[in-house]
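The chain that follows stands alone, in the form predicted alone, written as structure tokens.
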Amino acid sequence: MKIAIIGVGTVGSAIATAVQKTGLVREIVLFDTDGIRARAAAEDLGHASAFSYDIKITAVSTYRAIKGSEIVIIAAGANQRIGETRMDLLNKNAAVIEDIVPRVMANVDNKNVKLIIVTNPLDVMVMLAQKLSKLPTSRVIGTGTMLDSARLKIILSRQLNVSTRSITSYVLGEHGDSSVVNWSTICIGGIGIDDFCKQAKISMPQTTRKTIEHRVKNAAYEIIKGRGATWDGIGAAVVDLLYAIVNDEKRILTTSIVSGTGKDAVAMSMPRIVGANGVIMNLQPKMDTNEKNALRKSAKIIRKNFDSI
């Protein structure tokens, strides 16, 4: 399989490195407006491939070179800086997506290609990319709250002293400040979190849950403050999504795709079955009243921001 990565900055480079280490694909094409950076990244990754998988890695300066790519990962755009929210990137990154998507679509097979969107604010960019590409919504996929859900799982693992592999937990809605922790469906070893806490004699009051929610929503801000940007987590999330697609795993992931029609259409993260053809099925998890209200609020925020561009 051949894939293309558009944008080889900090995030795009991390994604390329993560993909290269898996052996999932036979060819990776790197495109960036900074040709020197793209060539350097391709050269460095090419050297690394001598220690792992024999993958063809090339830097290109024209969109024609992405022909044959079955998956195009769009990671171009401005990164979130200290003090910025993801929504602060809205207008500048909308312009980037508006430039990239038509050029990509002119050079790929629109009957088969899948777009993976990483650029923030992610849900709005998914909506914009789907509109511009005219692809089925199932094949324009944002990594959504996959990383947020992973952060939740890590925090719960430490709080409950149990392996992340035994935890099922989802963050829904916006990949951003209005995301919603779906407490109603959290299970540890198939046991609801409330029952698990009773059996393990662990206290999980509302104050603790609010603290956990805060830590999930602010994880990126803390990493940016200390590191300047986040990249390893999103690289791993993209690889997880690629595994589900390339191997047709039909695995449930909290991806972001456009759902609904007309003015009700919105992209946000929900549990979805992902396979070779992209998103196969949308799922509706159990939610209490507060979670439903928070999710509706999140959807309205995303739609309002999309309408503003």
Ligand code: NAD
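Just so it is clear, the structure is predicted and the values come from calculations on it, not from any experiment. We number the residues from 1 along the sequence you see.
As for the form predicted in complex with the ligand, it is not shown, yet the points below apply to it.
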* **Which of 208-216, 139-147, 160-168, 178-186 sits within 4.5 Å of the ligand in the predicted bound form, heavy atom basis** => 139-147
* Check whether T10 has any heavy atom within 4.5 Å of a heavy atom of the ligand in the predicted bound form, and answer yes or no. => yes
* To do: Please check if R251 has a heavy atom lying within 4.5 Å of any heavy atom of the ligand in the predicted bound form.
  => no
* **Partner proximity in the predicted bound form: S61 to the ligand, non-hydrogen atom cutoff 4.5 Å** => no
* Quick one: does N107 come within 4.5 Å of the ligand in the predicted bound form, counting heavy atoms only? -> no
* Structure fact -> Checking A76, C197, M87, I154 against the ligand in the predicted bound form, the residue with a non-hydrogen atom inside 4.5 angstroms turns out to be A76
* To do: Consider the chain as shown here, without its partner, and state which of N277, N282, T33, S52 has a heavy atom within 4.5 Å of the ligand in the predicted bound form.
  => T33
* Candidate spot I6, V118 and T230, all three touching the ligand in the predicted bound form (heavy atom, 4.5 Å) -> yes
* Asked: What are the residues of 94-133, in order along the chain, with a heavy atom within 4.5 Å of the ligand in the predicted bound form?
  -> V96, D99, I100, V118, T119, N120, L122
